[in-house]
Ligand code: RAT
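Next up: a single chain in structure tokens, the form predicted on its own.
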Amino acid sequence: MRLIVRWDRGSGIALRMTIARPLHGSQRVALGQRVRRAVQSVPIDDIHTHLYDPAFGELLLWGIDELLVYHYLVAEAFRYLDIPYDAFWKLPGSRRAELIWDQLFVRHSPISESCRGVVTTLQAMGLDPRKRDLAAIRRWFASQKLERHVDRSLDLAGVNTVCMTNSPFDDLERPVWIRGLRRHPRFKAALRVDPLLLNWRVAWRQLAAAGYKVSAALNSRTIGEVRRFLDDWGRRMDAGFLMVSLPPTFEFPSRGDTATLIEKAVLPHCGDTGRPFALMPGVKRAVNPALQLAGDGVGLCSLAPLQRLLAAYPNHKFAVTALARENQHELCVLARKFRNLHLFGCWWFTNTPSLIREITSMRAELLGLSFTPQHSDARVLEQLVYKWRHSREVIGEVLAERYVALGQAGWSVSDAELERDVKGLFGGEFARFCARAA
């Protein structure tokens, strides 16, 4: 410790203040290691994925071919492939996987984040990707029993639970819910309302076919039936929250169908049930339609509509992740101003180590511990392994820097406090946000 003496000029009394000496090198290293260990060991509740409970059968994507034909890798492979788009999509899935493997793992080194993720996953599963033996990898996956493989994949990722993205408008998914299913305890549900909000001209006919007394006109009767639809499906799924991905052109308030349905049906439902409404703005659909699912892009969006929602509905809970990097700072500032806003994850095109580092640092500096730094967005089961291993590494580095800086300022943190903090970041804060009154 060093001593600084200050004098009170009025009384002439010397005031003595002790200042903690900055951490020396070995202390900084030790504290950083403690933080990284805490991040590596914390069980995670993954609050947004595109995975399915095994009871949904073929909707749960898994295995090496699914890893390879994931739309991130499809878009990257077409940087090299000369084959016409339509010819590629006419090929069997296995042949598409072989083309992608050849281009991204044989002819070129797999240095992109998505390709490195496949390598990380194979290594974690006990396979040797250095052999470049796709046939042997396929045989290994074919030998796995799905139920056991599901739990092993979650365990390798250090994931306790995953939240699905569930749509009653999906013709393959809806019948499973209607006939009933035995739920896997580690798979939670979220009610996706994109088709309802973004394409009402089609959605109202689907609701009518399902027995809801709706029409194209958003009159009081139709709105009441949409409310009933949301209540029915929220209850059937035991949905934790409602969610929608939005284009950069979203406006609120507005006379358009999307804003009208949000104002008159979705928000009243959320208010009555206490369910948060998750908004994911910034998607530009079908920038290149020939790439199909891989053809979506990103757009900078105005956050003024979100600000109006937060201000107009202070007792509602909104969870938000934005797709564009350029929206992240303003979003953090909004979260400082509105306690009914919870930021989560580095989504889609921001789910890369460099941007995870930048965005997580910004959020920690502005919001402390009151956010959820990441969700996997996994679409293929085994992606949980690499997405969480890579994210933990980067987030651990960011948090180590923050806690070392805190130590330099004169604060100490116990192992129990570290455990408390990281549990909050990796699921606990979101659960608290969902449970409490806004």
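If you're wondering where the values come from, they're calculated on a predicted model, not measured in any experiment. From 1 onward, residues are counted along the sequence shown.
Omitted from view is the form predicted together with this ligand, to which the following refers.
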| item | value |
| --- | --- |
| Heavy atom contact within 4.5 Å of this ligand in the predicted complex, the stretch among 340 to 348, 147 to 155, 199 to 207, 106 to 114 | 340 to 348 |
| Contact assignment for this ligand in the predicted complex, among D377, D45, D65, D53, heavy atom within 4.5 Å | D377 |
| Listed residue that, although this ligand is not shown, lies within 4.5 Å of it in the predicted complex (heavy atoms), from R363, K188, R192, R96 | R192 |
| Contact flag, H329 vs this ligand in the predicted complex, heavy atom cut 4.5 Å | no |
| Non-hydrogen atom contact R285 with this ligand in the predicted complex at 4.5 angstroms | yes |
| Close approach of H71 to this ligand in the predicted complex, 4.5 Å, heavy atom | yes |
| L122 within 4.5 Å of this ligand in the predicted complex, heavy atoms | no |
